[in-house]
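First come two forms of one protein chain, each written alone as structure tokens, so that there is a structure 1 and a structure 2.
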Structure 1
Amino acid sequence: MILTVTLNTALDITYRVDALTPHASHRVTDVAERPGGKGVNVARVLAALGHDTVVTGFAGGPTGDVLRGLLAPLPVRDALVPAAGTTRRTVAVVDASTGDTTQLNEPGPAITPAEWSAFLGAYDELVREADAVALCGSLPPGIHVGAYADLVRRARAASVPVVLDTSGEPLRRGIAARPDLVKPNADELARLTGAREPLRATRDARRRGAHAVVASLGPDGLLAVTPDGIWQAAPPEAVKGNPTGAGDSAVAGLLDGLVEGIAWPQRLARAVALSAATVLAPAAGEFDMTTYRELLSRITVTEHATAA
């Protein structure tokens, strides 16, 4: 079983409008809702790939109930912990004319110390059954910045591989607790290390404690600095579409390869192909299995001659 943790789950709402004009009034022509938060997205992709997948984190209030209702028919197990606060909404406003998206993200509910304790109890039990753990996304208000570092240490103590995908101070603290893998994007890497050049920044990040670092370079694919070597994996051509969820699909691909114990070049190829198949899918955050399989054989993986 693969466990994904989303401390700040979300009800993702998508509004379609003819064109977004600041300070005007808009009739929303189409409303869609899906269960969201990075770890939930990762879990959906893992489940589609055939993995037994469990989702934990917090859910509360009326939007938490809607989120759980939307999770129920999906092939992922809901192990969310109740919170008294209300699960946040995110609103993506899509311009029908251009396809561009304007994103509004609520901060999320304040988590109490008692709720955090209840979560830790549930987490420790779930980790014992897990083949891998993914810790994903932002922290809701009330949770200390060292929370991911704590969760990394608990997974390591149980000898379960742990992947961290977050940003800012929680990432900085989390890396120091020595996770098996972190997956920052170029901006997050630059903020963490002060370096802009991808290879240098990725190696710097690894030196901070992560066993391996896979940096997502947007259309240029993934750059992996690992104990076994350094690789860059890229799609066969630039893919055009909606990048929402592409990073989460990459994390799912890396976990898929991790639990199957395959070599880094193949892991990276899966991650890049899933990510590209997500960008190409018409619905935000979804991916098409046929596109994924077709892309998989066409990913270029190049090994760097330098040491990690």
Structure 2
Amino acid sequence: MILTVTLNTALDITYRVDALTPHASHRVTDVAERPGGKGVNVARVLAALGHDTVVTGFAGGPTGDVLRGLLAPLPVRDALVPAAGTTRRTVAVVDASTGDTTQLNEPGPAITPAEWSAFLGAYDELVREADAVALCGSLPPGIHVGAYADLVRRARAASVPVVLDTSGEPLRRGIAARPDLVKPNADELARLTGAREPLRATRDARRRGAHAVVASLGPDGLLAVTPDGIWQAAPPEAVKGNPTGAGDSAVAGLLDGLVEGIAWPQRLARAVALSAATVLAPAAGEFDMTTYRELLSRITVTEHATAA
């Protein structure tokens, strides 16, 4: 079983308009609602790949009820912890004329100390059953910035590999707890290390405590600095569409390779192909299997001569 943690779950709403014009009214041509938050997206992709997957985190209020209702028919087990506050919404507005997407993210509900304690109890039980854990996304109000570091240490104490995908101070503290893998994007890397050059920044991030670091480089794919070597994987061409959930699909691809024990080049190829297929999908956190397989056959993986 793979456990994904989304402390700040969301109801993802995608609007499509013919053309997005500032200061104007728009007629929405299509609306899609999906259960969201980074770890939920990761779990949905893993389930589509055939993995037994459990989601935990918080859900509350009417939006949380909708989210759980949308999760119910999916091949993902719901272990979300109730919260008194209302789960946030994220709105993606897709401009059909350009393929570009504008994203609006609400803040999450404030989590009380009692709710955090209840989550920790559930997390410790779930980790004991897990083959791997993914800690994903932002922290809702009320949760201390060292929360992910604590969750990393709890997973490591249970001898369960853990992947961390967050940003800012939670990333800085979490990476010091020595997760097996972190997956920042280029901006998150720069804020963490102060370096803009991707290879330098990724190597610096690994020295801060992570066993391996995989950096998202947007249209240039993924760069991995690992104990076994350094690789970069890139899609065959730039893809345009809705990028919401693309990074989460990359995390799912990395977890897929981790639990199957395949080599790093193949892990990266899966992650890049899943990410690109998600950009091409009409709604957040989804992908077409045929598109994924076709892209996977065309991913380029290059090994760097520099040792890790």
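Only the largest set of C-alpha atoms that superpose within 1.5 Å between the two forms is called the rigid core. Please read these numbers as outputs of a predicted model, since none were measured by experiment. Numbers given to residues start at 1 and step along the sequence of structure 1.
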- Structure, 1 versus 2, that is the form predicted on its own: 2
- Query: For residue 292, is the C-alpha shift between structure 1 and structure 2 2 Å or more after core superposition?
  - Reply: no
- Item | Shift of residue 26 between structure 1 and structure 2 at or above 2 Å (CA, core fit) | yes
- Task: Please say whether, between structure 1 and structure 2, the C-alpha of residue 167 moves by 2 Å or more once the core is aligned.
- Result: no
- Query: How many Å does the Cα of residue 17 travel between structure 1 and structure 2 when the structures are matched on their rigid core?
  - Reply: 4.2
